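Read the single chain below, which is given as C-alpha cells and is the form predicted on its own.
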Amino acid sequence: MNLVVALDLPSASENLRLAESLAEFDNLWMKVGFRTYIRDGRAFIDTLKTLNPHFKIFLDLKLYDIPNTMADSAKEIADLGVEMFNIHASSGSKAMERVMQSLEPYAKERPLVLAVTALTSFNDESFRAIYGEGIEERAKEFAKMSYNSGLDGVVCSAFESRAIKDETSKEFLTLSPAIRPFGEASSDQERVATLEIAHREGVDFPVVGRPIYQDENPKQKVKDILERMSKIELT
C-alpha cells in the first residue's frame, strides 16, 4: 500500500506547514484537492516539490465534461508534472478513451489516471436515487468500463476494491478515501475503513486526511500509520 496524505486544510500556509512537517518521508503521496487547487494553483504544486522532490502528487479534481474538454484538460494536468489525477467514470467510455489518447505523447512520463466510481459520501440509498442501482453493482460496472477504456485504476471505497479487482485485474489500481487508520471518527464519510480492511481488500492507495492533520503531532501520526501498514503487509 502507498499512503496518500490529503492536504485539505483551509489555507495554503496550513497545508504547506503540514507537508513541511512530513518532508522527511520519501514514500508519501500528497493529495491536492479541488478547493486547494482552485485557490492555490500550480504554484502550490511546485512548492510541494521543493519541500521534498520525492513527494508524489495526486491531483484530485475529478474531471467531468464533454470528451474533448476532458482530453484537453488531461494534457494540461500532465504538463503540471503531477504523478496521478482522476476523472469521473460516469463521464462515459468515449470521454475516458479520449483522455487516454490525449496522454499518449507523454509515453512513460504520463500520470496515472483513475476514475471515480462512487463518492464515499454516498450511502446505498442516496447513490441509488441518482444512479438507479446500488453502489456495489454500479461501482463494478464503472470499474469495468474504466478498465476497458485503458485507465490505470479507480477511486472507490475499500469495500468495493476486491470485487473490482476480481472483475478487472489484480493489477488494476484502487485508491480509497475515508481511511481511518486506528478507528477514528467517520465525520461526513459514509463508508470508512481501517488499514486492516484496506489491506484485506487489496487497496493500493489508502487516503488519510483528518486523522493526520487534526492530530496534535501529524508527523508522529504518519510514522505510526506507516509502521502499522508495514506490520499488516508482513502478516
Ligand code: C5P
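Numbering starts at 1 and follows the sequence shown. We call the rigid core whatever largest set of C-alpha positions still superposes within 1.5 Å between the two forms. Since the model is a prediction, treat every value here as computed from it, not as a measurement.
One more form of this protein exists, namely the form predicted in complex with the named molecule; it is left out here, but the text below deals with it.
- Contact here is defined as any heavy atom lying within 4.5 Å of the named molecule in the predicted complex, and by that definition each of Asp8, Lys31 and Thr120 is a contact residue.
- Between the options Leu48, Ala193, Val207, Leu63, the residue in contact with the named molecule in the predicted complex by a heavy atom within 4.5 angstroms is Val207.
- Judged by heavy atoms within 4.5 Å of the named molecule in the predicted complex, the contact stretch among the candidates 197-205, 174-182, 66-74, 39-47 is 174-182.
- Relative to the superposed core, Ser146 undergoes a C-alpha shift smaller than 2 Å between this form and the one not shown.
- Core-superposed comparison between this form and the one not shown: the Cα of Thr120 travels 2 Å or more.
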